[in-house]
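So this first bit is one chain, no partners, the form predicted on its own, shown in structure tokens.
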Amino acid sequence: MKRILTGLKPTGDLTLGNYIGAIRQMVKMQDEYDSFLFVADLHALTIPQDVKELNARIRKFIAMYIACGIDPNKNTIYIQSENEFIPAMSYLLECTTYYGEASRMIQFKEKSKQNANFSIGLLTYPVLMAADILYCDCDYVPVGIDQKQHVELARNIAERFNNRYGEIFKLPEPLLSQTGTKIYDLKNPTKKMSKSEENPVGVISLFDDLDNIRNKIMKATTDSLNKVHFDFENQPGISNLLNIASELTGKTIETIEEQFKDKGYGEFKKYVADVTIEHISKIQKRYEEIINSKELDSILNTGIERSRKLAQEKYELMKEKMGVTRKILN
């Protein structure tokens, strides 16, 4: 079975858009691949974080993904910082990575412009990402088009290391994310619903109070046409709500249009709110069962044991190939 690896940076809040557009696709892929899923908490440290918020989100993100259908029996689930061999590998890889490669990464260029006093971690974290990918010999890394560059860097670093020291790493392939329907901001339905959005009014968090979810949907931006019809150019707000309803009920957009052809926006919004709350309430119930349970720690303990074993084997092999070992090499 081919292996995939996915990392989750514990920043912002997981949204309905994340669930429909990405998490449900991951649930499908776990039946097709040997899946590694980790919280990339070290990556969050490239910029200052609120310590308590970051700490809480590490467990919250894992628990919420499991609540959304990620099966611990089909995934190796772990926290990045608990595997000490990955950052150790990262340093060895840094020594075979050129400054020009790291400084050309899109996120580094953008964020370093925003703050001249950026950390060295901002420059080197793509190499840590390469270590995340390479230690477990994954075949594929599901990424959006904006993250493809990181997998390409990992391939370049791995290929150079193999050429210099011998075949150690498998060259991973980017797997362009099989994204589901894109969900947009409820107040500004021309931009994606984002977990990093500073204005939460148009964003439905999977952690939101259910009454708050209803209020956000009832106040969603629509138009003056008073027609429940999918037309993203002229009716982006209504089209966005139709997408949400269709994804959560399994009904076609045409079926929902027919259901509300003689009804007003208020009744339609109430319907969207009802189906959204019904869906998210089930997720939240499972989340509450697992967030502070021994089950979650058991899942993470099992995952880190497998992850650490693979990373230690790769790290020791890298050291030997590079000559940094007490053993006398032939």
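Quick caveat, the model's predicted, so the values are computed rather than measured. Residue indices: 1-based, along the sequence shown. Definition used throughout: the rigid core is the maximal C-alpha set that superposes within 1.5 Å between two forms.
Keep in mind that the form predicted together with tryptophanyl-5'AMP is not shown, yet the notes after this line are about it.
- For tryptophanyl-5'AMP in the predicted complex, the listed stretch (87-95, 146-154, 206-214, 160-168) containing residues with heavy atoms inside 4.5 Å is 146-154.
- The contact residue chosen from R24, K321, K9, R308 relative to tryptophanyl-5'AMP in the predicted complex is K9, the criterion being a non-hydrogen atom within 4.5 angstroms.
- Contact annotation: of the candidates H229, K74, K251, K192, the single residue with a non-hydrogen atom within 4.5 angstroms of tryptophanyl-5'AMP in the predicted complex is K192.
- With a 4.5 Å cutoff on heavy atoms, A40 counts as touching tryptophanyl-5'AMP in the predicted complex.
- Proximity of L242 to tryptophanyl-5'AMP in the predicted complex: non-hydrogen atoms within 4.5 Å are absent; the residue sits far from the partner.
- By the criterion of a heavy atom within 4.5 Å, N188 is excluded from the residues contacting tryptophanyl-5'AMP in the predicted complex.
- None of the heavy atoms of I4 is located within 4.5 Å of tryptophanyl-5'AMP in the predicted complex.
- Taking a 4.5 Å heavy atom cutoff to tryptophanyl-5'AMP in the predicted complex, the contacting residues in 122-141 are Y125, M129, D132, I133, V141.
- When two forms of a protein are overlaid on their rigid core, residues whose CA moves 2 Å or more are considered shifted, and L134 is not one of them between the shown form and the other one.
- Once the rigid core is overlaid between the shown form and the other one, N18 counts among the residues whose Cα shifts by 2 Å or more.
- Superposition of the core reveals a Cα shift of 2 Å or more for N243 between the shown form and the other one.
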